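Provided below as structure tokens are two forms of one protein chain, presented individually as structure 1 and structure 2.
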Structure 1
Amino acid sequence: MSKSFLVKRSIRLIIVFFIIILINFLLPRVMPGNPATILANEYQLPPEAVESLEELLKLDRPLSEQFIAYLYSLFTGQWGYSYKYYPTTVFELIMQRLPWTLLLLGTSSITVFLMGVALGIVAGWRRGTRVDAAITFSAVLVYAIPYYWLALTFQFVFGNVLGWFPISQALTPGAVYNSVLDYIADVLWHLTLPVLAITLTAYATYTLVTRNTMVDVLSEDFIMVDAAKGLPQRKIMWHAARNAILPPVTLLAIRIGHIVGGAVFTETVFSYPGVGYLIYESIIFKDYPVLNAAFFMLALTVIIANFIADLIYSLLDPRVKYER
């Protein structure tokens, strides 16, 4: 990997980073509504308390001063206090919710990748057959399904009608656990439907990419050599799959942003106590400090994932650094 390639990618990363910081600051403030008014109504405060709240929350200052204060708090880690959960600090609130989001994202990313790649390998290996047609058709079909619609359907069918899984929260309220295994089982029980909703609407990309790559690999000369040697079909398929799996590996980092977006919708539908649901609550209450911190962390995750994807691409295919 050349130094110039790494420098160019780093400069692009920094530019995108600062653009996101600016958008992150402006986006909550251009939405209609006043946080001080919303808080006053929520806690039934007198009308004269609105001005005091605006002064306390520094909402009466010009946007330029608010932006400077925002940059200072962002880079010093002093993210201020949540409007809704005052006097809880934003950092403390994010740290409470972040593990649940990481659990949801980590689990769903693994299941999306494994399911998508496995089905893609099978479809590519059985190209031109009914199995290939069925897998490809189903992948295209579910790709068009919104996260929230599938999540609501799962809630109704598996939660309300069948009663197999809980429809909200990450733990059973008031539950007493006799062991760590009981706690883990309860967490996984609540995690099942959100992960399924994300997996079934996000695996299609990996399936289609793996399938097409598998078809291309099967036409390579080394596959014909394997067949000429009389190797078993299973070994030939595994040999082809090892080469077909490279694009989905790099695609995983790029698609992290898509999964993050799905997690926000899914957490909201299932009232899952992660950063996504915190964003939903903060939008309702115009909780600027929490929105800024949450959007910043999610955006930073996507930026870093895409930067890693660029590096992986350059390592797997040296031509990339010369083409871009």
Structure 2
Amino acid sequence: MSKSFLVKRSIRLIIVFFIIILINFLLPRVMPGNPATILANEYQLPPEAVESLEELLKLDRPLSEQFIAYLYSLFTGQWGYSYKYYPTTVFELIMQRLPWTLLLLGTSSITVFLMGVALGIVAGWRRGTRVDAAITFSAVLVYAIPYYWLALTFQFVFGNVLGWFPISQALTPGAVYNSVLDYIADVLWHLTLPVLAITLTAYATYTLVTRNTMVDVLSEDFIMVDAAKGLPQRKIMWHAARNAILPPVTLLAIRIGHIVGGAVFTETVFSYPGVGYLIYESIIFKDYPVLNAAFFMLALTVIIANFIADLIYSLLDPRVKYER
């Protein structure tokens, strides 16, 4: 793997990381009304309380001093208290919710990628046929479907009407598990509808990109050589597909943010106890410390996932390697 590529990407990772920290630090401070006065308006606090809050949050100090204090508390996990779940700290809350979001994100990234690329390969291979037209058209149709709408519909049809899957939460409330397998089964049972909703709304872009690359690849010389050698069709298709898989990997790196977006909406619909649902709750309750922390964690997840996708890409694409 190219060293300079790795260094460049690492530098970008660090810059983006600091920009996100800066946004998180500045947003509550540059917006009209500082966090103390917002709290005061929200909960009808007396002026003395506002003063002591300002002191507590160090809002009376210069901005640079505030920033250093902010960095210190950020890296030591002192993220303050949630307004809604008061005795719980923001850090605890996020750590409870994060594993569920990572599970949902990880699973749906895989399913989205597999479904999108598989359909794209088929459409590209059978270009110009009805199969191609059907796959392309359905991809354009689902491209514009809002995540939450499909999630609501699935929740209603498969949850309320048919009763096949639970309509909310990540585990059956009050369930006692006899074995680990029972627990895993319950987790998967609750995970099915959210993952299905994300997959069916997010796969389209991968399909369209894979199809177009596939069509491009199929017109290249080595495919003609394959055909001239008399290779069976299946082998030729596999050969072309292997070469058509790079753009969708790049796309996964760029678009992982979209899957995160899908998770926010889908978690909200299914009251799935992840960071996305936490964002919805914090918006409704104006729980700004939680909103900031949830944004921070989601952003961090995305930039790290981007970085990993970049590494995978550089391993897959020989052209990124030539610098040794």
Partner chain sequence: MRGDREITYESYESSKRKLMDFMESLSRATYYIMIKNKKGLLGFIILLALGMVAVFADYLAPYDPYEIVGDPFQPPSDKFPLGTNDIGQDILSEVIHGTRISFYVGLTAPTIATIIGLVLGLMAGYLGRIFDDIISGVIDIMLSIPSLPLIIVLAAYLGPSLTNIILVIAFFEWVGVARVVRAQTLSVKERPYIEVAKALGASSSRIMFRHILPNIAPLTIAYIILGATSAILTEAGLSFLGLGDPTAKSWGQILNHAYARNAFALGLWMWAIIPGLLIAVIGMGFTLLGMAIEEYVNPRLKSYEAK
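Fair warning: this is a prediction, and the values are worked out from it, not measured in the lab. Rigid core here is just the name for the largest C-alpha set that superposes within 1.5 Å across the two forms. Residue numbering: sequential along structure 1, first residue numbered 1.
- For the form predicted together with its partner chain, the corresponding chain is the one labelled structure 2.
- Core-aligned CA deviation for residue 98 between structure 1 and structure 2: less than 2 Å.
- After superposition on the rigid core, the Cα atom of residue 271 is displaced by less than 2 Å between structure 1 and structure 2.
- After superposition on the rigid core, the Cα atom of residue 76 is displaced by 2 Å or more between structure 1 and structure 2.
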